[in-house]
Ligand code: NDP
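Just one chain is shown here, as structure tokens, and it is the form predicted on its own.
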Amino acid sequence: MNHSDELKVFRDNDADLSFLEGKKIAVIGYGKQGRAQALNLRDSGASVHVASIRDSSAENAEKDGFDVVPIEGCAATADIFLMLIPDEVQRDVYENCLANELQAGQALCFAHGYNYHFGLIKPAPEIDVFMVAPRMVGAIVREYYKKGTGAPAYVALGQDGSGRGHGTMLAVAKGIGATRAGVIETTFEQETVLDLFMEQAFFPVFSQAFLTAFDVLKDAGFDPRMLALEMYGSGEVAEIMKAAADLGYLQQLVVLHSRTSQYGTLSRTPGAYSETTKTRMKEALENIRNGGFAKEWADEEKAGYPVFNKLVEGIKTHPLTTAENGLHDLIDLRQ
């Protein structure tokens, strides 16, 4: 175990797959993350099956060679359950299929802390509860594993009913390949708040910058298709962010960009956003921490997602979407 600024980082040598020996793992849900983790765990020697409703994902699991059981009744089929279905349905699935069926010694693993942290799912104290949260989309979790590397992850132990919860948590992390890169031990609260903050504070500012730049340049007479290409369509921004992950965000500015680019970016960054932006970020953080967003999202779900559906519908008719479609008609960017 390595210590860096009081963070606990676990790697392959710190995790023991023997914690999974003789254990059966049920992966609940076979979407992108479910598929990646199920395949990686199986390739690591674990006994894995899938619990799913009868849909295309269940068919995909069967094509990949997994036994598929219904989610209802799955509590009797495994020792460790990976909850890899969407946040908004986890509570109902848990209450209807697991809450009254899980026994002492069984373990519930989350890939995101939302439902456990906000108390929407409350397992009995004799159940192990932990989190293994890859910091990468499912397809890349699988791709890295096959290459012999791994995607980093956060891990957190919520409750240790068996006394083996920590070891089992690290074994699952090793089984999906995360300890190859390193897993950082944190808490359900920290992972949840960080994840929601990025979604509700950082990316809105990022998105607004994109949309504002698009409007300014379009109004100035530039072809919207060129804007889509220049701003992100060519993939240059994706490469810049990849370089930021490899070299450091500020370092990649110096290493990869021209002096003109460096000067233009660095000299204009101060003051690019007002104190209002910082204030709104702080407000978003407080609303996450005090449970305001969790209540808002629960109310939205109960109402049938009226605001959510309106927001998504607006994407389809936005001028930027039209520009993207027009750009793809001119240039093949999806090779």
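Remember, it's a predicted structure, so these values are computed and weren't measured experimentally. In case it trips you up, residue 1 is the first one in the sequence shown, and so on.
Although not depicted, the form predicted together with the ligand is the subject of the following passage.
Asker: Check for me: heavy atom within 4.5 Å of the ligand in the predicted bound form, for each of Ala213, Glu239 and Thr265, yes or no.
Answerer: No.
Asker: To verify the annotation, which of these, Gln90, Gln200, Gln252, Gln106, has a non-hydrogen atom within 4.5 Å of the ligand in the predicted bound form?
Answerer: When the ligand is considered in the predicted bound form, the option within 4.5 Å is Gln90.
Asker: Under a 4.5 angstroms heavy atom criterion, identify the one residue in Ile71, Leu229, Ala181, Leu120 near the ligand in the predicted bound form.
Answerer: In short, Ile71.
Asker: Could you confirm whether Ile85 comes within 4.5 Å of the ligand in the predicted bound form, counting heavy atoms only?
Answerer: So Ile85 counts as contacting the ligand.
Asker: Tell me, yes or no, whether Asn287 is in contact with the ligand in the predicted bound form, where a contact means a heavy atom of each within 4.5 Å.
Answerer: No, Asn287 stays farther than 4.5 Å from the ligand in the predicted bound form.
Asker: Look up in the predicted bound form whether Val307 has a non-hydrogen atom within 4.5 angstroms of the ligand, and give yes or no.
Answerer: No - in the predicted bound form, heavy atoms of Val307 and the ligand never come within 4.5 Å of each other.
Asker: May I ask you to check whether Met136 falls inside a 4.5 Å heavy atom distance of the ligand in the predicted bound form?
Answerer: Contact with the ligand, yes.
Asker: Using a 4.5 Å heavy atom cut-off, which of 27 to 35, 61 to 69, 268 to 276, 296 to 304 contacts the ligand in the predicted bound form?
Answerer: The contacting stretch here is 27 to 35.
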